[in-house]
Structure formats: structure tokens, C-alpha cells
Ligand SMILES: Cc1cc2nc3c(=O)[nH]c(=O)nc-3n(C[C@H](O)[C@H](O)[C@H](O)COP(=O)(O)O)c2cc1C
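As C-alpha cells, one chain now follows by itself in the form predicted alone.
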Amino acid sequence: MPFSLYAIARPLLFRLDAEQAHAIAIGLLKTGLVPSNAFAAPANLAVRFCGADLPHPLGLAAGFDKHAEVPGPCFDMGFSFIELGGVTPAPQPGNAKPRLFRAPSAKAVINRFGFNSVGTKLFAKRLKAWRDLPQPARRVTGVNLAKNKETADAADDYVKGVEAFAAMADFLVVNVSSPNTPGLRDMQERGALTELLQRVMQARAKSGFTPRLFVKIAPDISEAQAADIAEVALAASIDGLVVGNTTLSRPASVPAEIAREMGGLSGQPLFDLSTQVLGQMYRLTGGRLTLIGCGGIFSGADAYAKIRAGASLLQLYTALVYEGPGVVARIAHELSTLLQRDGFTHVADAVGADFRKN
């Protein structure tokens, strides 16, 4: 195994409160002294997204760079695209600390941040400043849109997010699935989601820009809810879905002392549930939407399973916490090998393979 600075840093970081350790990691990335983990991806992993040719389908999930502080270093970790945020229109502190908990034995994390955010004004200023810098290549960047806790008209907050970022984001993700904002997941219901997407799509059209538009859904939805979401999403002509967010469930692998913490669970225990819902959404949409698979990806086999279930693109976060930036290259090369083993010449050929008729 190649030498990794993270192998040294992790024990030190894990002695700290999880949120404090994350802040230190962001601070280190800001220094510009962290070595790049960029790598040459195998040719069979190349994908096209947001009009750009990307070397592989592995992206960084929302939640890591919540405040648009280190977009450049996020790419330097080896990701081919990133999603920043979530960001709310007005600044808000989020829930009381502690609000981030590790479960190392399960390779899991529980958070109840509650959309702590610097607000769209500062976030947009930072993002624009980075976008204005000379870039080595097209860097596909998305923004995860959230609502303020006290906002009564939730759709209005998402419209404000579209207005703030349509001109500078390649894709926007309407996050209606965080379990840490009261009532937010109700936005996944048919009526509320229909109205929300109508207003968001109108805001995008009015902006004069065309960032791809995604909705991030929960892995805890029922079969009836999944059917409604698929129907509404197709009718609204959005570009795709991010499947999925954290779960309120507590699989047996999560230690009891961590499982009792309130909040959303991410990491390895989320894999089976999120992949099941991913496949369900692929079947329900008939492959007509771009699906981004997220939840519990720690290996090439995990990535491959998501792709076979219908994901065209993938996102990581918790694996980064436990294994460091080198995990991106490792997963990519493992995925490439699995595709070759099964006779797929290109990653796109394997999308939804588990549900195709023989």
C-alpha cells in the first residue's frame, strides 16, 4: 500500500470531536500544502456530465465543503465533480453541538447539523471568486440548495437558491430529504413536490441559465412515495435524482451508544438501503433520468453495484472520512477491473444492467 499522510493524520483527528476534526481538515486544505491525489483514471471510466468529459464517475457529495471554502482542493483529492453546500438563503447556525458522531466499527457517521450555513451571499461570493480563477480544465461543480429552518414557504427558499447560483453552478440539487430540518421531508410528497419543482423550474428559466437540476431524496421512502417522486420528476422535466440522503434507520452494525443519537446515518450501513431505492427509482423512471448514486460506497464493488442498479454517476463522503483521499483512486481502479471482468467496454454500458431484459 502506498504511503499515505492520512494514515498518520487519522488517529490524531479521531481523537478530536468529529466536527472539530472536520474543521481542521478544511483548514489544512486551505493552506494549499496538502499533496494532490489526482490520478490517471482508466479509459473505460470516462463519463460525460453537464456537457463536460470527465475521467471517471466518482464525485464528492454535499456536506464536506458546506461553505464553499475549498472547491479547488476538493478536486485535487481526485474527484471528477463536486457538490458544495447545502446552503440556505439566510445564514443560520444549525442545531446545537455536538451534532456529528463517528461509529468507526461500522464505518458510519451520524449527523444532525440542521443546515448550518453561511448563507447564499457569502457562499456565492466565495464560489464566484474561485470560478474566476484560471482553471486547469472544466471543473463540474454543483450546489446543494437547502431551506432555512424558520421559512414557512419552503419553495421560496429554493427559488432564492436557484436565483443565487444558476449563473455559476453546473448543476443544482434541491435537497428535500435531510432528516434534520423539521418538516423538510414532507416536501417529497406528491403535491408539495409538484409545486416546488414547478417554481424551481420557472426560476431556472427566468435566470437565463441552464444548470442541470436534481432532487435529492431520502432512502427511507415507501414504495408509494417512490412512485410519486418518479412520476412528478418526469413530469417536471428535471434532469435527475440524487439517491439518496442519510437514513433515520439504525442497522444492527451501528453500536448502541452511537445509534441512540438523533440525526441522519451515513456510511457503510446505508449501502444496501440506498442501493435498493436507487434500483427502484431506475425502474420507475425507465432510465430516463440521470441518477447519482450516493450512500455507503467504500469499494469498487460498491460502486459497481450502484452502477448496475442504475447510477450514471456516484458520490462519496463517509469513505473519505475513514480512508482519506486515496480512496478515490482505489475505488476507480477496482471499478475498472470489475467492468473488464464482466465484459463491459465502458462504464455507461453497465448502467442499470441488473434490470435489463435478457
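The structure presented is a predicted model; accordingly, all values stated were derived computationally and were not measured. In this text, residue numbers run from 1 along the sequence as written.
This protein has a second form, the form predicted in complex with this ligand, left out of what is shown; the following refers to that one.
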| task | Tell me the stretch among 254-262, 78-86, 225-233, 126-134 that has any heavy atom within 4.5 angstroms of this ligand in the predicted bound form. | result | 78-86
| Do residue 270 and this ligand share at least one heavy atom pair within 4.5 Å in the predicted bound form? | yes
| message | Contact with this ligand in the predicted bound form for residue 308, defined as at least one heavy atom pair within 4.5 Å: yes or no? | response | no
| Are any of the heavy atoms in residue 325 no more than 4.5 Å from a heavy atom of this ligand in the predicted bound form? | no
| request: Answer for residue 109 alone: is it within 4.5 Å of this ligand in the predicted bound form, judged on heavy atom distances? | output: yes
| field | this ligand in the predicted bound form reached by all of 57, 290 and 352, non-hydrogen atom within 4.5 Å | value | no
| request: Using heavy atoms only and a 4.5 Å cut-off, determine which of 266, 141, 181, 120 is in contact with this ligand in the predicted bound form. | output: 266
| remark: From 282, 214, 158, 113: within 4.5 Å of this ligand in the predicted bound form by heavy atoms is 113
| task | Output the sequence-ordered list of residues from 282-296 with at least one heavy atom within 4.5 Å of this ligand in the predicted bound form. | result | 294, 295, 296
